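First comes one chain, alone, set out as structure tokens in the form predicted alone.
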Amino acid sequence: MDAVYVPLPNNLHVEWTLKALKAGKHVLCEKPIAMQASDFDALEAGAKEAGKLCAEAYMIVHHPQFIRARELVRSGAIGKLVHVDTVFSYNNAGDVTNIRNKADMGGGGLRDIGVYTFGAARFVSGAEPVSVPYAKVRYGNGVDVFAQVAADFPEFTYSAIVSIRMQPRQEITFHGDKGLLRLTCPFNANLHDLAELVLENDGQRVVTERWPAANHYVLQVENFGASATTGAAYPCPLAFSRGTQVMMDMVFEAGGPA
């Protein structure tokens, strides 16, 4: 066995990732790989010492819809990016034994699905947040069940709704001064709905692209295997995952205590 996948509850990710690295294994760990940004110091050091690939199982960056969205936004297809808004929600209120509803296991909506709303904006834009001026976070039994977030990036603003107590919904929109780009099923592609990208320019021309056969989980494993065996750059390195965790930490701080 050359590699280990760590699917444990969030609070055990760092501990068992480090153990696997010390055992000489490449490690792909479920998101979020850490509970706070400072945890990445040990993860990066452990991977370097072991000479092994260590990465977060953050599947969306492997999906062609996000690779295409990044290409379009960065090439100026929507002009200057002005605002990003996103929502990701589902309702697991009735599943009281679910680890996402257990505070001692690192549960809550932000760590479970907020990681996607934050990382998606960072991946496509290539930018990092400079501040989180507003975060309204509601808690239930010690875990965050709803969050409304406003953040400032260097050249655009950002807003998000994240909840594990609302009807399922997911979408992300990149709003420029010359166009609009929407991913209508960005996070659970071809499960919640069809993976679809809709580009609208200022001339009201609409172009829709779909990926009915793409499976980002398969692509993730293939990319991880290729990087582990050949040394090729991995699409979701620890540095990227750290950046998402930094934003997560900013949101929790802005939202105040439970």
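What you see is a predicted model, and the numbers here were worked out from it, not measured in a lab. Numbering starts at 1 and runs along the sequence shown.
Not pictured, yet referred to below: the form predicted in complex with a further copy of the same chain.
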a further copy of the same chain contact at Asn215 in the predicted bound form, heavy atom, 4.5 Å: no
Any non-hydrogen atom of Glu44 within 4.5 angstroms of a further copy of the same chain in the predicted bound form: no
Partner proximity in the predicted bound form: Ala233 to a further copy of the same chain, non-hydrogen atom cutoff 4.5 Å: no
a further copy of the same chain contact at Asn190 in the predicted bound form, heavy atom, 4.5 Å: yes
Site check His83, Glu171 and Lys178: each within 4.5 Å of a further copy of the same chain in the predicted bound form by heavy atom: yes
Region of this chain that lies against a further copy of the same chain in the predicted bound form, out of 51-59, 30-38, 218-226, 202-210 [heavy atom, 4.5 Å]: 202-210
